[in-house]
Structure formats: C-alpha cells, structure tokens
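Taking the form predicted alone, here's one chain by itself in structure tokens.
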C-alpha cells in the first residue's frame, strides 16, 4: 500500500444552527465541510480510510448525517430499541427528554457463510469484572475466520454533558472518562485551557505532568505484563506484575491524593520528596530487570505469544492504529517524539516489527524501562507551581497526549469562556477497529490473549 497516505486522526460534526459542519482531522491538517440540515448527507471516506467506519456511524447516530458511498450504515451508538430519528448531539435535543423506545430492530452482525461455519457470541456481559462489550465470531471448528466488535452499551452522554460548562467545571468529568488514561486526559484539557488563554506551561509544571503521565504508563504496562502471560496460562506473572502495579498506584496516591491521580493536574500540588522518588525509580528498575530475566526463560510462554495475533504493518497503517498496537507492528508513532521536554531528555520511540502478541509484550517491557529513565531526568525539573484554569477562551482548540494506550486527541470549541463542542477520541476508538485483523489464523482460545495484548479501553471508547 501507499504508506505516504495521510493518517486519519478523527472525524466528527458540529451543529452550527442552520447547518452542520463536518470536521475531518488528518495528520497534515483539517478539512471542514458544510452539510445541509434539510438534506444532511456527505461523501463517505470509508473506502479509503477504514478507521472512518466508526467515526461516520457515530456521526450518523449523533446528528443524522448520512454518508453516501459508505459500505457500513448500521447504527453504532443506538441499540435495537433506540427511538427513530432521535439524534442527541443536535443543538435542539433536550437532555431531559424521556426516551420512548421504538420497535425492536435486530442488529445485523457480519457473518461468513459456508458448510461447517458457525457463530460464537461472547458478551456483552463477561465472566470477568470488565465493561460490557460484545464479540461475534465466525468459526470453522476452533479456527477464527472473522470477528466483529460491538461496544457502546454504556452511552454516558459525556460530549453533550459538557456543553455550556467552563473548562474548570468539565475537568472532574474529563479526569474520570477512563481510569486507564486519567492523567493523560487531564493534561489534554489543561493544554486546551492554556491554548485558549494564549499561554504555555512552564518547564516545572510540564515536568511534573510528565512524571505523573509516565507513572500512569508504569501502572498500566505492569498490569498488561501480568495479564498477557496469565491469558497464556502463566498466572505467576500476573501475581508478580500486579504487585508492582499496586506499588505504582500507592505511589501515585502519595503524590496526588488518589490512586488514579483524579483531579491531580488542576489541584494544588502536594510536596514531593525527590530523593524518595528516585529511590523508588531505582527499585522499579530492579523489578523490571528481574521480571524480564525471569520471563525470557519460559519457552512455553513464548510459544503461545510468538506469531499469535499478528497485525501486519500495512494493516496498522490502514486502520490508523496508535500506541503499542502501532509500534509493535513497526509504525514509529508517539506524540512524545514531538514534545521538547521529552526529546531534550533522551526520549526514543520503542518499537518491534513482528506485530504479534510477543511484539506487543516486548514493547511494553522496553517502554516501562524507558519511562523510568525519563522519570529520573524529570524529577529535578519539577516545580510546585500550581496550574489554575482561567475563564478565557474563544475559538477552536485541540491537543494530543500520548496516553498509556496511545495517542489521545481532544478538540474543544469555546464560546465566551464556555464549551460549545467537546470531542474526545480515545486511542482505543481506532485500535478496536483493527482487532479483527489479528484473528484469522488463530484459534478462539487465543482471543483473550490477543485482546489483552492490545489493552483496549471500553470506558474511554464509550462516551
């Protein structure tokens, strides 16, 4: 394929009153189109950009805009009894509306026909304590032929909820969109506030944020480094890695007052002991050294991870994948590579080429180790200067943050200091769409292993 093709980052709409505006953000710029409310239709970009599938289906549910040339026009957010012609992101939608359920309209899953082919449904309620999500498999014996992901069972209305609020009022909600990326989301909103005020965070504040962001990355990478082997039958790794993740959580609670650092970015900083932080970084480095040396010597584990759930580089590019999912397939994409604080302190993108479970596991080990190196350099740069939201803001602003799951994108339109449009694109929103490309050639027992190796968010995905 042509790897020079631009990357789709996001596609969303805004109600302008008399008409809609369709906004498509690529890595090299933004395209804006006006769409009539009388005849709301626009040209689909699905055939060229597969990652546009969920974006366009979401826009149709949110605003009622139809996409000509789209090969998938099924609802995304609206489930089987959602009221017809009710679009909650339109300006005239009353948030106090009591929904009157419509007649049942069955959702038509993608399926592969043929002799001996059957369907396996998993979810949306699972045996584990996770968010609801449905996975529909087409099977020939144990072999997976195709998989379809269906989420959005917990539509929380966050985008609508934040309309009319100040950034300070929105901050507690943004911090809780997804526990996986609380710090990353808070930083994204803080950067929006600074851009709206025409300001930029001083080095000490930026370093403090980066230290928390890398701490969040440590917690999640340790969690994944435990769960991936666990789903391959090696529970001992889960016990060890979970204990290390718990250490990081307690560390974050000491630094911010909360295990997930909720509201940490916009609150008055707590005093930190730099020497204590450096000692903990050193202890965590010893832990990852021991863990890697231990785990490398278990051939039966690598037999399960090697060549399982391969995402080729070409597919990672086609679907606009981000984060570890992209980097394990040889796509060197990381927001931190464009940030001066990181590049001036030795940041380097960690990547693999094989695109399988093993590659995603190795990237996490390398990133965990590299995060510790970065944190060590950030500690002496941190200040206790507070960050305060201002009421300033007029216009459109955006920010990118490399969360533990990948590139997080936030776009906010402000009018007289209040949010007119809030759009949040979690990295999982694009990565979930590529998951089915990893399934063919594997057996259904490998699905949990493949899925966990991607560490995709349900909550961040389902606003």
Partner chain sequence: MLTYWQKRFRTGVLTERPEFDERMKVLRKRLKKGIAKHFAGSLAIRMVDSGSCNACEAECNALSNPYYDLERLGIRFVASPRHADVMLLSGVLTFNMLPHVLDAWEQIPEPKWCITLGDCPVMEAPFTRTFAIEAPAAEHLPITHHIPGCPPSPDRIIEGLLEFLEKLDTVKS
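Worth saying up front: this structure is predicted, and the values here are computed from it rather than measured. Numbering follows the first chain given and starts at 1.
Same protein, other form: the form predicted together with its partner chain, not shown, and the subject of what follows.
Visitor: With the partner left out here, if you bring back its partner chain in the model of the complex, are 99, 165 and 172 all within 4.5 Å of it by some heavy atom?
Guide: Yes, because 99, 165 and 172 each have a heavy atom that approaches its partner chain to within 4.5 Å in the model of the complex.
Visitor: Looking at 352, 131, 148, 72, which is the one with a non-hydrogen atom within 4.5 Å of its partner chain in the model of the complex?
Guide: So the residue touching its partner chain in the model of the complex, by this definition, is 131.
Visitor: Identify which of 227, 378, 347, 389 has a heavy atom within 4.5 Å of its partner chain in the model of the complex; exactly one of them does.
Guide: Exactly one listed residue reaches within 4.5 Å, namely 227.
Visitor: In the model of the complex, does residue 124 come within 4.5 Å of its partner chain, counting heavy atoms only?
Guide: Result yes; residue 124 sits at the interface with its partner chain in the model of the complex.
Visitor: So in the model of the complex, is its partner chain close enough to residue 242 to count as touching (4.5 Å, heavy atoms)?
Guide: Residue 242: yes, in contact with its partner chain in the model of the complex.
Visitor: Can residue 290 be called a contact residue for its partner chain in the model of the complex at 4.5 Å between heavy atoms?
Guide: Looking in the model of the complex, residue contacts with its partner chain include residue 290, since a heavy atom lies within 4.5 Å.
Visitor: Please check if residue 258 has a heavy atom lying within 4.5 Å of any heavy atom of its partner chain in the model of the complex.
Guide: Flag for residue 258 set to yes.
Visitor: Among the candidate stretches 322-330, 193-201, 131-139, 380-388, which one is within 4.5 Å of its partner chain in the model of the complex when only heavy atoms are counted?
Guide: Heavy-atom contact with the partner occurs in 131-139.
Visitor: For the stretch 68-98, I need every residue with any heavy atom inside 4.5 Å of its partner chain in the model of the complex, listed N to C.
Guide: Contacts from 68-98: 77, 79, 81, 82, 83, 88, 93, 95, 96, 97.
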